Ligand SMILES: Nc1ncnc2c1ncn2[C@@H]1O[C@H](COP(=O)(O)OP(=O)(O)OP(=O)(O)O)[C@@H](O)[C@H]1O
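Only one chain is given next, in C-alpha cells, and it is the form predicted on its own.
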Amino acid sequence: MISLSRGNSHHQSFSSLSNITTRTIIQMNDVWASYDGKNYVLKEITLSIIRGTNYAIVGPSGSGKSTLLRLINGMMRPSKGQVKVDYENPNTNNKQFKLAMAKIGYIPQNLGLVRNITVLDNVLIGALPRVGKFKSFFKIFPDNETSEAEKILKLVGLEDKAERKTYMLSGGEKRRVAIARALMQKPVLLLADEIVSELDHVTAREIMDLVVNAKRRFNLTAIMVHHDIKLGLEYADRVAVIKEGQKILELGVEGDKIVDFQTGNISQQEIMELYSES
C-alpha cells in the first residue's frame, strides 16, 4: 500500500480514496467549431474554468458565445481540439456523459419554458432525470420532489406564483422560473445564455444577484453569456471576451483594477474602449 501521508499515519492511503476531482471543471484546448464543416464559428479557443467560480463569456452577437455553451453541454462536438467537462468529453452518445448531463443546468436564450403549464410544473421538469419521462408525463411526482420545487420557488421569490400559468408572467419572472427549473436538476454546473438580455437595468441586476446567491448556496460553477462587459466584470470572477470566434481577452477585477489574465495583442487603451462601449 502506498500511503499519501508524509510522516502522518492518520492521512488517507491511495486505496481508501473514492475518486479524484479536478480543480478545473472545464478545460478547452485549441478548440475549433463549425456547423457546416467549412466555416469556423470558434477558432483556437483555449480556456480553463475553476470549479466553484462565476465565469462570464462576453462578445457581440454572432461571435460564437452560444456555441461555447453548446460544446460544454454536449449539444455540439468540436471540429478540432479537446473539450473536457470534469474529466469527460461532452458527447451525448457517451453513456457516462449522458449521466453527467443531468448535473448540467442549461438555460437557453429562449428559456425553454412550457408556456401553458404552471410555474410549479415547469420547475418540476428539472426533476425529470430522477423521476423518469412516464411519471413526469402524467405529473406523478413524489412528495419530496414537489416539496423541493416549492422550496426553490421560494428561493427565487415566486412562491406566490406556483399555480400561475407561465405565459402570464413578466420577463423577469420567467427568467426566475428558468433558474428554478435548472436548480431543480441539482446541478454542479449552471450554464445561462443571455439570461438578462432585453431586461431593464434593475431587473437584470436582480436576476444576476439571484444567480450569484444560488451559486453560493448550491456550490455551483456558473458560466454565463453576456453582451455587457461591465455586467460581466461586476458579477464574474473571470470574463472571457470573444470576438469573431476567438478569445481575445480574459479579464477580472482585483480591488480597483481590471486585471488582464491573457497577455496578447490588445492594448490597455483598446481594453478600456471595450469597457466604455458596454
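Not measured: the values here are computed from a predicted model. Residue indices: 1-based, along the sequence shown.
As for the form predicted in complex with the named molecule, it is not shown, yet the points below apply to it.
Note on contacts: among E194, E145, D86, E173, the single residue with a heavy atom within 4.5 Å of the named molecule in the model of the complex is E194. Residue in contact with the named molecule in the model of the complex (any heavy atom within 4.5 Å), chosen from Q82, T118, Q109, T203: Q109. Against the named molecule in the model of the complex, the set S63, S66 and R70 is in full contact: each member has a heavy atom within 4.5 Å. Residues placing heavy atoms within 4.5 Å of the named molecule in the model of the complex fall in a single listed stretch, namely 35-43, out of 35-43, 247-255, 214-222, 230-238.
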